[in-house]
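Take a look at this single chain in structure tokens; it is the form predicted alone.
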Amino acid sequence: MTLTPRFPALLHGGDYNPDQWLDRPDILEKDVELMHKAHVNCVSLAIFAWARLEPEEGVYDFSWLDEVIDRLWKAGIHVILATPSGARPAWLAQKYPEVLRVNDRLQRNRFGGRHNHCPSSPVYLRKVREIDTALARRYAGHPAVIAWHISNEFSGSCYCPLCQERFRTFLKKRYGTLEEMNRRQWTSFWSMAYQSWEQVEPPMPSGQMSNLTLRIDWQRFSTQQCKDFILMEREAVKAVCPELPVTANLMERFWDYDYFSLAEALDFVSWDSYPRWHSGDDVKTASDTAMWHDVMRSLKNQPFLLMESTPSLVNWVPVNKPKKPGMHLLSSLQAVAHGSDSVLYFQWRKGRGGAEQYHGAVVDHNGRDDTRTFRQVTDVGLALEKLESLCGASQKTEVCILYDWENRWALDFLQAARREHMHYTETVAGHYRALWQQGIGVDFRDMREETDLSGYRLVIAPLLYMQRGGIDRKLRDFVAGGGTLVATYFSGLADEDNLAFLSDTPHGLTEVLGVRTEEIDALYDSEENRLVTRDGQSFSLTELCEIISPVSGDVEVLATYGSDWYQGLPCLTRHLYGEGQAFCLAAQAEQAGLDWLYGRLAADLGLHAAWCAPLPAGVVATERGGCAFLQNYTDKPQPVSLPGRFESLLTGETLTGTLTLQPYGIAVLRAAETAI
């Protein structure tokens, strides 16, 4: 699938801020020359340029942007044009203070920062729509413009009276009546029942924080607010040119909004990836980053754009390290391996001031092109040109992991087990890593009504505390139809309203798993138990250990607890159900234990992997479009045995025997004879 039909290619470039350099036409001319040297074919423009585009209300100045876009197009460089709503100009905040956000202590913010706007403000919505329409009328037909970049890195919530009233409207639509909301939010606890809608306020530190369902509803509402804002901007630009695609840049591990929901408002997903390489364990960092690439690909089940990455370092973490030699090409092509049709950077040229003046850039303050960073960026541009045939290519996946934002919120608000330390995302990442390092492709799905599991062979449901969208029925049908399910501790305890089930748990899955939950032991950080397998292997267990009891006589116990009062009780079980099988992992196992489990499952199921020969530790294979991306996340050369003849897409060589991957090296291979 081609994301940008006007320019169906792998994109290379990034955020370009010529509005910061309008007093230096020599620099603007030099930029295009340097872009050619770096093999840049696309830049993002005008992301925070509202003050330049509309210096005073109703007075637009597009002359500078005309010149920039024309200069780029003449040089063969394409443009992803942004709407400037992420940061409003000072005149707008001064004249219309109601456009500014109200925080959760009911204080109106002052001018400054990004995303300091109220998404309910009629004034702000009108002003954004006006400038979006003006931009679309002027540039949507320009051949250089290939997509719209809506705003920038949406985040946060507003608690102003307008947003509070919209929240009450949201609740009325969700529950229908006040009585129904009181029932489903269990407001009889602590005398929290509402007698009128006007009494309902958002959860705030100074008010209602103990109604956990209300807190989840506030996150659902905040997601809808953001989605409505995107849809408003989408409508404004598409009213002028319907065929020009719309995207917005999402973020890693992001908590505020449900990205599966936001993605419905976009033609394609893009995201900003900033891994902390060389911070202790590059293999783990690579796995976590790969997971989020796959999440982004899964949001719309299609390729995505890497909208922002650093060509060198960032400036906003406590220790800002540059990438070691090789890591820039490796991390950039990792994104392509997992479905990205671009490698784009923040930023093209470092600004002289502001919060990000020392954030990494392709071009440093000195403007030189003989730097290590510039050479590494050029190498990526050359590599993308050699991988052009992979633009729009898909991945082969037989495995799905359930990752659900609403479940994540519920676990984070939970007052039980390890309160505020349930580590949902980290737990999912551990299961993912066990498959990623075997070269097995993974999709992510949430629990919405539309979710279809029928095409997978293995479904993994870590920490499925909240159930919604009929997921228990879907999982039963999946296993009965021949699928393999892995479920874990602390699953099936509550419904979509966060009300506890009045049944055996995991709710709706006890017959499938063949076990029910009795108790759960929360361990202190200093404690551990052991998972002991039938063949005598032993793995560390931490954080949570669930005591499960068979409800069926044919449950197979694969491993037991190694100590404490529940020593010898089941910790890992297998149960046949219908044509399939279901595993229950009752405790938080160390990575080695997960690796053992999924190594066994991959072999038993014959899951498709990107590489059919053993790989050294720290070397991982990922498949896309029939090509294997061999990635070395260690600082040492690693020999890789080749099971046949291969063509190297990056060098053009035909390879046999042994390939040596350099430290932080990567090779992209296509089989010449033997299938990989």
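Numbering starts at 1 and follows the sequence shown. Predicted, not measured: the structure shown is a model, and the values here were computed from it.
The same protein also has a form predicted in complex with a small molecule, omitted here; what follows describes it.
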item: Listed residue that, although the small molecule is not shown, lies within 4.5 Å of it in the predicted bound form (heavy atoms), from 121, 152, 185, 287; value: 152
item: Listed residue that, although the small molecule is not shown, lies within 4.5 Å of it in the predicted bound form (heavy atoms), from 272, 256, 595, 496; value: 272
item: Every residue of 50, 85 and 234 near the small molecule in the predicted bound form, heavy atom within 4.5 Å; value: no
item: Partner-proximal stretch of 377 to 385, 526 to 534, 355 to 363, 398 to 406 relative to the small molecule in the predicted bound form, 4.5 angstroms, heavy atom; value: 355 to 363
item: Contact flag, residue 581 vs the small molecule in the predicted bound form, heavy atom cut 4.5 Å; value: no
item: 4.5 Å heavy atom contact, residue 138 to the small molecule in the predicted bound form; value: no
item: Interface membership of residue 424, the small molecule in the predicted bound form, 4.5 Å heavy atom rule; value: no
item: Non-hydrogen atom contact residue 190 with the small molecule in the predicted bound form at 4.5 angstroms; value: no
